[in-house]
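Here are two versions of the same chain, shown separately as structure tokens and labelled structure 1 and structure 2.
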Structure 1
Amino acid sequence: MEIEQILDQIYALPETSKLKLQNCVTEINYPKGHLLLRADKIETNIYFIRKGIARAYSNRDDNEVTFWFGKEGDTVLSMKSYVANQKGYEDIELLEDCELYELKSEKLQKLFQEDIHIANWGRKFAEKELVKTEERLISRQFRTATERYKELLIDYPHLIQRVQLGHIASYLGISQVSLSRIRADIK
């Protein structure tokens, strides 16, 4: 997905503002397995996925708990670093070779001060991320594992072919054995 499409899906910007933002973005590539963001570190970059898949996870009792997947067009960042300039709590691992767009948080903050349209773009971005987080929380709290799996199949059908089942089970909050049972029951 091209950077113009990614920016527009967040909030449509006037052409001059979009160009200012695009001029601060660089294209980078990292291999599968690369840890893009690390827990307990203030992250200074924001990424947009051009091609590939990533996951966010936290370690709990020597166990990795996946709580987010990112795909083409998604933004990758530590929200805690972005909003509060504090250490994040998540690691973000690339699950495929990835083509990314990188944006320095410092440059973005400067653009927020200079251009009201970009500041509004940043506000809309934060609002959309809040809604996505709320939806994940509600799903986790009020739906069964089977309902969450079916929801995942509808919302992200490509993930099943591209992500290890262990990561999907962790995301759903169940064991891999339970996931296998759910998958068998659905077929």
Structure 2
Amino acid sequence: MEIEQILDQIYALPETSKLKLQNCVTEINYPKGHLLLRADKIETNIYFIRKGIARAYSNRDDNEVTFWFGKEGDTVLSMKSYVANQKGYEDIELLEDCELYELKSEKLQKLFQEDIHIANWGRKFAEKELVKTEERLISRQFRTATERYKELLIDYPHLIQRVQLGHIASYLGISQVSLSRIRADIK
């Protein structure tokens, strides 16, 4: 997906504003395994995945807990860094070679003060992230691990082949043995 379309989908902008916003974006590629965002740094930029998949994880008593997967079209950011200029929770690792758009926050913040359309774009951006994050919370609160595993299979059909089951198990909040049992049951 092209950057213009991604930005437009968040909030339609008049031509001049659109150009100003696109000026904050650069294309960038990284190889599989690259750490795009690091939990120990303040990461204020926003990325959009043009191609590839990624995961966010956090270290909890010497083992990793995965709590997000991202695929083509998804947004990558450290919310706490972007919003509050503080360290976030996540390391974000690319699970395969990725093509990304990088939106520089510094430039963006300036535009928020200058251009009402871009300010509203930023508002809509945050609002849409808010709804997505709520959906993640609802999924965690209301659905069983089995339901969430099936959900994952549907939403990310290619993920299973590329991600270790240990990561998926931690995402679901269960042990890898339990996930194996779920997989055996589903068949």
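Numbers given to residues start at 1 and step along the sequence of structure 1. Remember, it's a predicted structure, so these values are computed and weren't measured experimentally. Heads up, when I say rigid core I mean the largest set of C-alphas that superpose within 1.5 Å between the two forms.
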- Query: For this pair of chain forms, which number matches the form predicted together with a further copy of the same chain?
  - Reply: 2
- Query: Superposing on the rigid core, does the Cα of R140 end up 2 Å or more away between structures 1 and 2?
  - Reply: no
- Any CA movement of 2 Å or more for L7 between structures 1 and 2, core superposed? no
- Item | Backbone CA shift between structures 1 and 2, H167, after core fitting (angstrom) | 2.5
